[in-house]
Every structure is written in C-alpha cells, then in structure tokens.
Ligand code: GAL
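The chain below stands alone, shown as structure tokens; this is the form predicted alone.
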Amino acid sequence: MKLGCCYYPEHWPEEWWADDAARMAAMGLSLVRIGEFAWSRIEPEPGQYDWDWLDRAIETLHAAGLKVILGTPTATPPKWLVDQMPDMVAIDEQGRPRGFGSRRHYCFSHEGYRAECRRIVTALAERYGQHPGIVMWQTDNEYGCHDTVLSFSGAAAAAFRDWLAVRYGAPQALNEAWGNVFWSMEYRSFDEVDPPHLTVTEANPAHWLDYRRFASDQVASFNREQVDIIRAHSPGRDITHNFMGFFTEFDHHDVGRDIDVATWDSYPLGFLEQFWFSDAEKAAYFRQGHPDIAAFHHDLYRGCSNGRWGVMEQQPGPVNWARFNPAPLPGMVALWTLEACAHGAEFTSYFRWRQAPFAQEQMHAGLLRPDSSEADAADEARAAAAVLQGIGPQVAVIAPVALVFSYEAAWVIGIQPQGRSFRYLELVFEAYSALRAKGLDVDIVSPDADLSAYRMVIVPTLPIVPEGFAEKLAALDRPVLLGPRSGSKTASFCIPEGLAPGPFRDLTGVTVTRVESLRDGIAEPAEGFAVTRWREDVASDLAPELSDSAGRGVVYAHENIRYCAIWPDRALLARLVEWMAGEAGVELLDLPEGIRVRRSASHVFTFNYAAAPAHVPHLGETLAPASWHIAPR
C-alpha cells in the first residue's frame, strides 16, 4: 500500500514547494493529491487560464519522485462564474439559496454549470492528460457534502419532470404508482409536478423516494460527464472520487461503476462524535474512534468499484468540524493506516500535508504545523511506512460473510422511519459490528452482487426487494438472515399485496400483520435480549425460533433462512451470529472489547482500539492501546 498526502501548492510560497516535496518523499510518501479546489487560480478571469503555477507545481512534485493525483476543481466554482449565472446555486429544502463563500455551491441539475464543468475539465485533461507525473484523477470532491445532493431549484424541478416522463411515460401511470388519488394529489401533466418540499405537512413518500432516486441519478450523470472527458484525454490513468463516511444521499454503487478506484475520507474521531454512538462509547473510544468505523467504510467502498479502493483523506490529528475535536491517542494514525492496508487499500493519503493558518480549516491538523515543523502524525506516517515495507503487498480475499447494503433502503427508512430511532445506517453498522466482534471478516456488497461464494449472508433490512433478489437468496444453501421491514414496500412505496415481507414470504414462511415502534427507553424483556425500537406481529405456521417473555415470536427459521421481526439488540445479534457461524462451519474468535482482527491473503492483523492494554487469547499476548500485531497466516 502506498502512502500519500493532500497538498495545496496555491496556499504556500513557491519557494517552499521543492522542500515540501523532498520532505514528503523522505517521510515515505509517494502520492500527492492536488488541485481539487483551485478553479479561481487556474482561471482567474473568464476564459483566461493561468497554467504556469500549476505546471511548475506538478513538475516540482514529479521531480521529487512523487506521483500526482489531480483533482477537477468543480466543487468550488469561482465568484465570477456564480455572478454570471446566479441560478446555478442549489436551493435548500426551505427555499433558500446555497450561496457563495464556502464550497459546493452548485446544483447538479443546472445545465449551464454542467457545461462550464465540462469546459474546465476538458481544459485540464488536455493540458495534463499525458503528463508522466499524473497517475490518477479525482472527480470533484466529496459529492453531497454539506447536504448538497438534494436541490430544489428551478433547474432541478425541470430536470425532475423530464426524469419522471422517462420513468412513467404518462401522468396517469405516475398517479397510479404514487397513489395520488389520496388527498386529491393527481396530476394532469408532468409539468404540474414540483419537488416534494414546502408542503403543508409531509409530502407523499413515493414522491420523496422518486426525488431521491432522481437526485442520485443526477450525481452519477454529473460524475460520468467528467469521467468520459478524462478517459478521452488521459487514457491509462485511474479515476477516483472521494466518498464520505456514513453518507447515503446518493447511490455510491452507481458512481462506482464509472470509476476505477473508490476512495473515501476517513475521520474516525469526528464520525464517532457526530453520529448515534452512546455517551459511554464516545468516552471509551474518545481518542481512537469506534473499532468498526474505519473498517466498515473500508469494506463498504471496497464493494463499490470491483474491489479497488483507497483512503484519500486520513485524519492525522484533531479535525475542525465535529462538535468536539480530540487528538488521536499516540499510535492511532499508524494503526488506522495499517488497518486500511489489512482491508486491501491501494493507498492511504493523509489530509493534509501542512495545517493551514487561514480560512475555514485552519484548526484541522496536518502532518506539519502551520510553521512547517512536524506534527505528531509525521512520525506515525514514517512508522507505518516501515511496517508496510516489511510485510510487503497485501491482497484482499473473499470474506466468509456478505452484508448486503442498499442505498435505496436508506432512503426508504429515512423517508418513513415510523419511529425516530429506526436508523438504517445504525442497523447495518450494528450487524457489521456484531460480526467483527466475533472475529469475522465481512464483505459489504450491493443487492446486485453475486452471493454464491459466501458462507453466510446477512440482510439487515431491504424494504424494496430488487427484481431477482429473492430468487438469488432462494438458490443459496447457507445461512441467511433477513432483518425487520424487509419486503415491506413495493418499488413505488406501497405496502405489498399480501403484506410484508412481500417477495420474501415464501422464503421465510411468515406474514407481518402489524408493526409498532417503541419509544426510547422502552425495553420489553426476552430471554437474554430485549425488544426495543421496533417489533412486528407475525402470522406463521412455523414455531418461532425465539420469542419474547410474553410468547410473541421474534425470530423465525425456514430451512436456511431466518427472519428477525424486531430491531435486534447487540445480545440478539451476537446469538444469531453464533448460530449462523456454527451452521456454516465458520470459526469465531473470543475477542476482548476493542480488539479487532482482519485477514489478508497472507497475513492476520490484530488491532487494539481499547484505551487500555488487552490480553488477546488467540495471540497469547497482551496488546498495548493503539497497537497492532501482524503475523503470516
């Protein structure tokens, strides 16, 4: 695995560039990402390009033996462009423009802005597409960051109507699919359809779902336009986009089909702080990050582009954007780096080389401080580079467990949670964490994936069942778990004929007759676990495999397929994992709290995320906090 960093030559005096490049190489870095925010320096006036500085920057890095990842600058259109076409900015759900003064101030549907993006990307690709120092391109930067996938602009409304016309053909077909007879919502033409915002109460959930599908398609087509240009002018170079953590606003599998390498931006401490984790977990993993946050995304994005993936931005110290921003425990930056390697990353790039002394990210640490002295992470980058050199190339292998992840499922649950604590990402993450806590490696895959090579398959929930997916599960002869709300909606967001689990009824032998959500703090008892958040009443000829203390069925097994009719707490998930692993003949490990294992084709990696030393039975030794053990398989 190669190491790199994100660098902004336009931020620093030119006389620093050569020294920076030499120091990067000496630190063990070989990749440098540049350019993704530099539009105003590349084109300071409309149609007037200033290439000289970028030419010299690329040459300086290349001369030091560094390979360049060049970003397209479309995430930060310059002020003159916004002034030329003020309607290019996105409009938020409350009808307010997302104005100039930070970044991502554009609407994916604005045809004028898209044309400008094609122009600037073409100019970049023509100039640098054959440069020997350019080994990869990054399209834009963090699609959707700062809630910018959904736009409610006039351009988005017009594009949505065109999208609906293609999908439904006639307004009456749309009215039927959405159930618009309800509340007299029927349309006479597609021109009458607006985006689903600013309604008196909630908009039709089918309207919302199609708007999310449309918005996701806009992101994918926006990206595809840039990819096509780069491929034409820079053949033989990989193309990537840097995705984000715990982000489901567009379908990353769709974008992943058009790129060569999926990358993501890894900030374990910020994600721990910003998401659903309990106060106890936030305290226990305050300076390390939850032991499954980084790994979850490594496995998710490995499944987004045919197994090729990397980390484009690795947190090297305190960040600036979370509610609280602690420094990593000594050793954690190196641990995060080596864990990416264990999961098969092609590279890990630290964000950023030097901490900026100005603007919005001046409190975000880098490998260097603003005065160019080394920050704590610099030595950890060196340490990681030495370990990587010692163990040699690592190859990911197919894991024993497939965890099925659907972006559409996230949209469905988000549109109609029915209980505010039913969070798709949390449910999937808890299933993933239960597997990892037992020492299992996991591949996170889309519903389109071939599941035949896996020994266990877990579908945390899949409200809308893609065509052919039920048949794919039926063909498997290994343990399968379907979680609550699976098969509960049709493609047009209706309750299926014959009730849930819809296409899964024959597979599971159950029918869901009623659902209820339980408020926070309610825990109805069962033997060894509790019923919280969500439960379903089930009619079945099967005797339940597990019931609650009142005798209501919780888990049903039909041959090799289980259906879980509640939100599974950690105790229930652990039990189900043990049962399925036993049936599949998959070995489990007895791992202490905070210890995680990952296997490559050649090595077994063990990591200690705990804040205290932990004795690891399978190693027969104790690991210090923020440390690791690597051994041949």
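Here the structure is a predicted model, which means the values were calculated and not measured. We number the residues from 1 along the sequence you see.
The discussion below concerns the form predicted together with this ligand, not included here.
Please run the contact check for F286 against this ligand in the model of the complex: heavy atoms, 4.5 angstroms, yes or no? No, no contact at 4.5 Å.
With the partner left out here, check for me: in the model of the complex, does some heavy atom of H364 sit within 4.5 Å of this ligand? So H364 counts as contacting this ligand.
With heavy atoms only and a cut-off of 4.5 Å, decide whether W579 touches this ligand in the model of the complex. Judged by the heavy-atom cut-off of 4.5 Å, W579 is well away from this ligand in the model of the complex.
Against this ligand in the model of the complex, would N141 count as a contact residue? Criterion: heavy atoms within 4.5 Å. N141: yes, in contact with this ligand in the model of the complex.
So which of 398-406, 167-175, 433-441, 260-268 is the stretch with heavy atoms within 4.5 Å of this ligand in the model of the complex? Correct option: 260-268.
F37, R103 and E313 all contacting this ligand in the model of the complex, non-hydrogen atom within 4.5 Å: Heavy-atom distance to this ligand in the model of the complex: all three under 4.5 Å.
Looking at W80, W276, W321, F246, which has any heavy atom no more than 4.5 Å from this ligand in the model of the complex? None of the others qualify; the residue that does is W321.
Just give me the single entry in N242, S151, T348, N223 that has a non-hydrogen atom within 4.5 angstroms of this ligand in the model of the complex. Answer to the contact question: N242.
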